[in-house]
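Take a look at this one chain, the form predicted on its own, written out in structure tokens.
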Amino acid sequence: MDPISRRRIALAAPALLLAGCHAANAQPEGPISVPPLRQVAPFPVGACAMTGQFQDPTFVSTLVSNFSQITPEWEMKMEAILKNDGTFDFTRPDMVADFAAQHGMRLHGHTLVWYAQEMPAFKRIDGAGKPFADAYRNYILAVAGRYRGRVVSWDVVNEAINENGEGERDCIWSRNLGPDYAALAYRHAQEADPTVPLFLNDYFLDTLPNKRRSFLRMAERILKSGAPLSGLGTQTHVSIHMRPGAIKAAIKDLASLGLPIHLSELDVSTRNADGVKGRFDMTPMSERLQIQARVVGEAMEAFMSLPAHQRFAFTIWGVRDKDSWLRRPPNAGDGTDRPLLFDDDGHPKPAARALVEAVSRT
């Protein structure tokens, strides 16, 4: 995920504005008990993780008890692997792969090509023609090849659509390899690992219908080129102000291509109002958590509405609230966001219960 503030508009997505005064008498509920999430769903339930978290026994216990799939939050991205001199360092991604294997968890590779990471090793050959194309292929072959048989899938191209949804991003890859840099990446990834599913992944597909249309047009173009795109990832970074029905509409549209769908990075921010300076929402946290649960329930219901062969995996972008990227600089705000399914101590929240209930009734 890109840590820059570009996703702040997710918190300002078409608002279901909350009037806090009517909840003044809301009573906090007692401890919540849910069965392990991985035992409830008939498909993989995933979470992202970083190697530093593996030293925290509560994190590990909550992760392995509830989730059956891991996405490396950043340690399989280019910045973690490609050194400035063009050599590779697989220390950290190997640790994630080893952890997944030791705990019997699936590993989703994330990500091979991302517009946001123009690394020095590639900048030195920017505009060089064949040397750049050769380095591009070599990087994808090296990384995807190293984890062949260990990953169950890859996000090959990540966040390729412009922020406003209008067309595709200009980036070092498109400038050097042309608009078909993405199709080329899928071919190289298949060369390295011929059987693993290869995904196109992006954000705001639920909050910006125009971006969703651009995303689908890109996917269709890749498919028409004959490149082995085999799944679509919708990140689903949203907030409690999400318009009801928006996630369902997005999932329905994405499913129209018939490819497997990965709901790949779900979190639901509980931040005040729409994030505009000087505007505050007095809704108590207890009520925000109930609205969060509704959003999570809708996301799971939308995913469950897919045919079974299109339900690739349902991934939460973190384990406990305090593990979330929304609680780290530069996105931390006042540090009170509670965007995940488990609280800081690893206890399930209403959102975890809503996920279980949504699976059970569909």
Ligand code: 9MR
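Small disclaimer: the values here were computed from a predicted structure and weren't measured. Just count from 1 along the sequence shown to find any residue number.
What comes next is about the form predicted together with this ligand, which does not appear here.
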Taking heavy atoms and a 4.5 Å cut-off, does Lys77 contact this ligand in the predicted complex? yes
In the predicted complex, is there a heavy atom of this ligand that lies within 4.5 Å of any heavy atom of His237, even though the partner is absent here? yes
Flag Glu73 as yes or no: does it have a non-hydrogen atom within 4.5 angstroms of any non-hydrogen atom of this ligand in the predicted complex? yes
Taking heavy atoms and a 4.5 Å cut-off, does Phe314 contact this ligand in the predicted complex? no
Tell me whether Asn158, Glu265 and Arg328, taken together, all sit within 4.5 Å of this ligand in the predicted complex, counting heavy atoms only. yes
This ligand in the predicted complex has a heavy atom of only one listed residue within 4.5 Å, and of Phe90, Phe132, Trp114, Tyr181 that residue is Trp114
Determine which one of 186-194, 106-114, 124-132, 207-215 lies within 4.5 Å of this ligand in the predicted complex, judging by heavy atom distances; exactly one does. 106-114
